[in-house]
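The chain below stands alone, shown as structure tokens; this is the form predicted on its own.
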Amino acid sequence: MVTKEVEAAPGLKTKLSVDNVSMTYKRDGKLTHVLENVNLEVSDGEFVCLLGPSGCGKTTLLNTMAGFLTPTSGTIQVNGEAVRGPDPRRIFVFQERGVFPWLTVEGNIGFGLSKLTKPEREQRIAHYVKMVGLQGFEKSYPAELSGGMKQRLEVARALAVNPDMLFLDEPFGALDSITRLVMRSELLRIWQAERKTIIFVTHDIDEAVQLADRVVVMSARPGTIQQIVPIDIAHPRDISSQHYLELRDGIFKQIGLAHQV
């Protein structure tokens, strides 16, 4: 079912609120309207995908949620508090790889854990090395890892600081198709274990339907929310099931595309 509902799931605590957010840039004397009257609520522990065509403003919206950009108008709140800038409780995983090439796997995961005692830090690192399947590579540098391993490392580093929320901007966009499928499964496994609130930007409809509790479909610029599609299918999802295909193809129709098998 496709809905225009923007509220968090009934009975669950609202984690993130976006209220009438608009964003306008002025470049070379010209105004560019990127976002227009965006409203959205996200529940605690929910996995939400922002989906839309290139240039629709989904990354701009993600950046306003994370506090890297201040909207021209409207407000964003996390846990009832206004977002006024980046916060170490909310971690952003960028589209381009963000691992530190001069640090080993354990050095990357341990980055940002300086306030812990050495035993606590070592335990935290070991926990996330195991969680993302990088045992045996603790002393390896990013240059010695595959693309998928680097992406797992970045997710592990983000989770190690125990954030309230994760913002991911097309994190698998540069990976080959097989590695993307593996990483989707890995991210879902980690999310189910940790239950962090995740906002995930993608332009890949299949990726969104495979991952999300709800898919937020954005219009072309100026971006606004066209529809919100609840994905009421348990994980792991059967991508050949009739209901999955109906939801996916409904999104294709919503954005004006006929899906080609």
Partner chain sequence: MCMSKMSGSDSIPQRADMQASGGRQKMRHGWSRFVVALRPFLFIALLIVAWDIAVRRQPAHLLPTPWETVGGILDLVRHNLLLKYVVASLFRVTWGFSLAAILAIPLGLAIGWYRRAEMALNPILQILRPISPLAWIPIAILWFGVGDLSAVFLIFVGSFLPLLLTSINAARSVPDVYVNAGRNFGLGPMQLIARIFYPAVMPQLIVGLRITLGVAWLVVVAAEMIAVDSGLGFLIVDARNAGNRYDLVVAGMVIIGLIGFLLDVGMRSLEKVKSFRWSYSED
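Positions refer to the first chain, counted from 1. Keep in mind that this is a model prediction, so the values were computed, not measured.
Separately, the form predicted together with the partner chain exists; it is not shown, and the next lines address it.
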(request) For the three residues 216, 244 and 250, verify that every one has a non-hydrogen atom within 4.5 Å of the partner chain in the model of the complex; reply yes or no. (result) no
(message) To test your reading of this chain, name the stretch in 109-117, 187-195, 123-131, 73-81 whose heavy atoms come within 4.5 Å of the partner chain in the model of the complex.
(response) 109-117
(message) At 4.5 Å between heavy atoms, is residue 87 in contact with the partner chain in the model of the complex?
(response) yes
(message) Does any part of residue 181 reach within 4.5 Å of the partner chain in the model of the complex? Heavy atoms only, please.
(response) no
(message) Taking the partner chain as it sits in the model of the complex, is residue 138 in contact with it (heavy atom to heavy atom, 4.5 Å or less)?
(response) no
(request) Using the partner position in the model of the complex, report whether residue 101 sits within 4.5 Å of the partner chain, counting heavy atoms only. (result) yes
(request) Check each residue of 131-153 against the partner chain in the model of the complex and list those with a heavy atom within 4.5 Å, in sequence order. (result) 141, 143, 144, 150
